[in-house]
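Only one chain is included here, represented as structure tokens and corresponding to the form predicted alone.
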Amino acid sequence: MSTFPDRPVAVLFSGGDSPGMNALLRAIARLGLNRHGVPVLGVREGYRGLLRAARRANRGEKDLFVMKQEIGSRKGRWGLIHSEQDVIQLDHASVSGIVGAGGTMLGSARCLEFKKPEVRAEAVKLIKDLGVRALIVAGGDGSLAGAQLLEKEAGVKVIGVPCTIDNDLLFTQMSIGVDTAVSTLVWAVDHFKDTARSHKRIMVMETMGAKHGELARLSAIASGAEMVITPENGPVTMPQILKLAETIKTGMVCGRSHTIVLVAEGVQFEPEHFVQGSDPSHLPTKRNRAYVLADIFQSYFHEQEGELKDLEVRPSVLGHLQRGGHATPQDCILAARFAQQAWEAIMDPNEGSGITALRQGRVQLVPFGAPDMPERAEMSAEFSRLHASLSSW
């Protein structure tokens, strides 16, 4: 007769998905079973699934008993095919063949109500009722903030794992998913170059990156994109955009066959420079950044003389294409290293909660709320200088 596992480790994925999450799940499950002999529970759809399970179990002792029976008897793939089962005991077979698959097999979701203490209390009760010895939370800044709150309120060890293609967690050099997203962007730029060269066009491509432009910067260097615009320097004004247009013009006059512009989605504009006397609800900042820039660049070139007057500007928003796809070997390796560090922290009685981080090439555990690495800002500035030197014509 199958029984509920003793003192398991639970894992959930929260927020936006990123390539390499499945590699992380596989590594967590396999290391737990093979190296430490500890059962692993996978929670569907992050904090949302955790709350669903909690509300079901918290209805009474009978409901909790039934849930434990289901988890103990429906293991691995058998549990995964039952969509109403939010907590699944993982086995070797259930994580087989997923190492490079994009997305996350367990699913991920945002859960705004998890910010309420009374709501988290429901999840805390379930964690205690299931005898969970430690919780692993994979995701971005919001997910890790939730993990820190759970660590304080549940009284169990919580390990965060940075998974975000934006690479905007500045306590680590790299997050899971960044390398794959850069590779996807390079692929996209290569394809846009073909038509841009054929028609001597300017292509403006919007990348992800709500607060930081690291993804756009890295992709610009790796793909050879001629221009990159990121949010770190504050709102972009019309004079600045016209200066960018002049830079593009200089390159085209000197013999460039095309221009690729990458702009991060978090770039802000100063609306008063673009629209005067318009309804504020129709300001350009409501539109995708790529389309705003493309319109201004197109107007600029229409005012030029000769062949420059006929230059065409085409915008494109790559969107969630950047999150998907087969994870690169580098992301799969980083996921395995983060999983190993998480387990070392869990099994060490002298180690507390924290977040896995890559620093100077080494994986280590840093505390929740760890300060930004100064070298991250220095490296971003260096990347910007490097791209400027490489793209000048």
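None of these values were measured; they are calculated from a predicted model. When you see a residue number, it is the position in the sequence shown, counting from 1.
Another form, the form predicted in complex with a small molecule, is not on view; read the next lines as being about it.
Interface residue among 79, 315, 140, 251, judged by heavy atoms within 4.5 Å of the small molecule in the predicted bound form: 140. Checked against the small molecule in the predicted bound form, the residues 256, 128, 110, 199 give one hit for a heavy atom within 4.5 Å, which is 110.
Within this chain, residue 221 is remote from the site of the small molecule in the predicted bound form, having no heavy atom within 4.5 Å.
Using a 4.5 angstroms limit between non-hydrogen atoms, residue 244 is distant from the small molecule in the predicted bound form. When contacts are judged by a 4.5 Å heavy atom cut-off, residue 47 counts as touching the small molecule in the predicted bound form. Mapping the unseen interface onto this chain, residue 22 falls outside it, with no heavy atom inside 4.5 Å of the small molecule in the predicted bound form. This chain is displayed without the small molecule, yet in the predicted bound form the stretch 145-153 from 212-220, 298-306, 145-153, 233-241 comes within 4.5 Å of it by heavy atoms.
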